[in-house]
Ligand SMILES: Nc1ncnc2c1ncn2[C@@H]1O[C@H](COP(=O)(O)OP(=O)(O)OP(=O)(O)O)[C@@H](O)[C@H]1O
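A single chain comes next, written as structure tokens; it is the form predicted alone.
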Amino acid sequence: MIHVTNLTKRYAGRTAVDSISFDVGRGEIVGFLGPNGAGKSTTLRMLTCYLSATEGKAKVAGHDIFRDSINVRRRVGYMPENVPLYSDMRVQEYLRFRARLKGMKYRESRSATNEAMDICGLADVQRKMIATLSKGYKQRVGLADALVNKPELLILDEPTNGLDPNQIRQVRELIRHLGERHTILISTHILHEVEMTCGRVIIIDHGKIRASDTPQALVRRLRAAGKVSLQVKGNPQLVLEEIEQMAGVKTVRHVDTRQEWALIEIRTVANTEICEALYELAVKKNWVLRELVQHRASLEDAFVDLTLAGKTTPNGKGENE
């Protein structure tokens, strides 16, 4: 569905997207992730022909974004981060207007509008002015706009931006439903939603692709240390000294100094299990043990590891040191 080769976008004095290559297959739901300023939105805008690329090649549904941009636009439904809506129009009126702009005939536009409103749960507000809608409903109108011409590909830039947890859950379920009939490329900062929705993840940072794999595979190959938290009653300094000497321990720190119970955070060498050894140490040293937790790596850990690798912190040390 999407084939990108060495795509580049340069502005005066900086390169926003630096020779990236990736593919998205038909029927996939792919998360396109990266920190602020990484080049996500620029890439999405080039794929939808809103921006022209400086160099490289890209095809959407077999059509070149340079030579055949009209056919690309006909096959793409795009929902930008800040959805531009005509607030002085009613929901149904706006969607019919948008369907006609996208080349649909009168009767076809009416049935397509009704179907898009039904999919996005807008039937109850179809006659309301867009200006009176909540943020969640405005996002739904933006999504219905992207859907109304029944595109093969949906490109969604921060579709849950500004929504509350209940609304985010509703959008997540809607995206899953849409994935049965559309290819979806979605950019978001809510990594938990990506893990639950997307079959594959592409991570971009400083304009370059850092990883492209399933969320599960990215977590499995995570370079960062594992993490264990320990809560005991005792002298924190003595506890730290004992744990530092254990095999497989990378770093130890006392997290909370305000309570009677010492909360210790331990980072271990990757794929190292030390919980049993920690329990035996606590018994041996007569520590009163309140909590011992092995934290499993998540997509968020993988994202941080890939995008902060090699960067320096204010103390001059690398993030992964």
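None of the values given here were measured: they were computed from a predicted structure. Start at 1 and count along the sequence shown; that's the residue number.
Although it is not shown, the form predicted together with the ligand is what the next lines describe.
- Residues with any non-hydrogen atom within 4.5 angstroms of the ligand in the predicted bound form fall in just one of 248-256, 55-63, 283-291, 35-43: 35-43.
- Proximity to the ligand in the predicted bound form, defined as a heavy atom within 4.5 Å, singles out one entry of 115, 81, 195, 108, which is 81.
- Proximity to the ligand in the predicted bound form, defined as a heavy atom within 4.5 Å, singles out one entry of 128, 208, 200, 189, which is 189.
- Heavy atoms of residue 158 reach within 4.5 Å of the ligand in the predicted bound form, making it an interface residue.
- The closest non-hydrogen atom of residue 24 lies beyond 4.5 Å of the ligand in the predicted bound form.
- Taking non-hydrogen atoms only, residue 20 never approaches the ligand to within 4.5 angstroms in the predicted bound form.
- Using a 4.5 angstroms threshold between heavy atoms, residue 299 stays clear of the ligand in the predicted bound form.
- With contact defined as any non-hydrogen atom lying within 4.5 angstroms of the ligand in the predicted bound form, the contacting residues in 12-34 are 14, 16, given in sequence order.
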